[in-house]
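In structure tokens, the next block holds one chain alone, the form predicted on its own.
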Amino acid sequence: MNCYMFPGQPLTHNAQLPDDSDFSEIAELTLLRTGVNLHDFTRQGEDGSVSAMLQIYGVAMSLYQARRFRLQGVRPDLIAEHSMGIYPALAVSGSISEGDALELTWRVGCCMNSMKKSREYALGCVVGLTLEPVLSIAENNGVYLANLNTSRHFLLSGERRNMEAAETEALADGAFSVKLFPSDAPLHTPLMAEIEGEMRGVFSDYRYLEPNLPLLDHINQDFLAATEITEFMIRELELPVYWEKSFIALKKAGVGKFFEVGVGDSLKKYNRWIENEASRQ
């Protein structure tokens, strides 16, 4: 069985973009539905942020790569998503259109952008520690676990000053590395409840069809039904991403081949780390 894996937001925009008819269609659709020009990484209008534009770039590249995989004869039996990868995953599963996935991503990004007007937020990648000390560091510094990618690869999220304190403690506790990244909002934490009402209004503007391929959610490792999608979209903003559990669930479901459909290969790396650790036990 084949699985398409849709990663979350990329950290950078690659100026070297594909040059074919499929990408041209995606780029035109992106400009039409969001105002973002993928070629020069600008946007018509004043709203939005670099983070929101990176989200759009990531979704557009996922939609493009899904088209290319299908042209190569690689078709999924299951679909999995990580963080902001839910938006292209919904489109490729047939639940929403490509245009709606792009527009929805932009509207969500703009909502999150509004949170940075009052506070400065950051994400922090912690590598090398196990879950228990990471949770202790998060609690000590008023931040939250945002991603559990492998047993030793985590993402924390919260206010920037608290994240800096958590970074210092994690390094002192023996983390191999800790890297902080600016963020418009404290994604995948309870702090996102601040904009829940606004986000619920955005999600309710769209009609979600029943996915025509099983789409695994990254919270409970269940397959999403159309009636569950709006609520999942709210919950996934406020709760952590559990990729390790998702990968294990996909393997148990019979997936033999994983295809990362988006920018980079982070999910492939997580999968190798998870499998390598399992083989040592």
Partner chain sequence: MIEKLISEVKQLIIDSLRIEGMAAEEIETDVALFGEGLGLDSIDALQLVVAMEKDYGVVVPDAATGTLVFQSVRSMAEYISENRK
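Positions refer to the first chain, counted from 1. Model, not experiment: these values are computed from the prediction.
This protein has a second form, the form predicted together with the partner chain, left out of what is shown; the following refers to that one.
When you look in the model of the complex, the only residue of 175, 115, 165, 110 with a non-hydrogen atom within 4.5 Å of the partner chain is 175.
Stretch-level contact analysis of 98-106, 197-205, 151-159, 76-84 against the partner chain in the model of the complex, using heavy atoms and a 4.5 Å limit, identifies 151-159.
In the model of the complex, the partner chain stays beyond 4.5 Å of every heavy atom belonging to residue 211.
Interface residue remark: residue 23 is not counted as part of the site for the partner chain in the model of the complex, having no heavy atom within 4.5 Å. Not displayed here, the partner chain is kept clear of residue 258 by more than 4.5 Å at the level of heavy atoms in the model of the complex. Of the heavy atoms in residue 127, some are within 4.5 Å of the partner chain in the model of the complex.
Contact annotation for 254-279: residues with any non-hydrogen atom within 4.5 angstroms of the partner chain in the model of the complex are 266, 269, 270, 272, 273, 275, 276, listed in sequence order.
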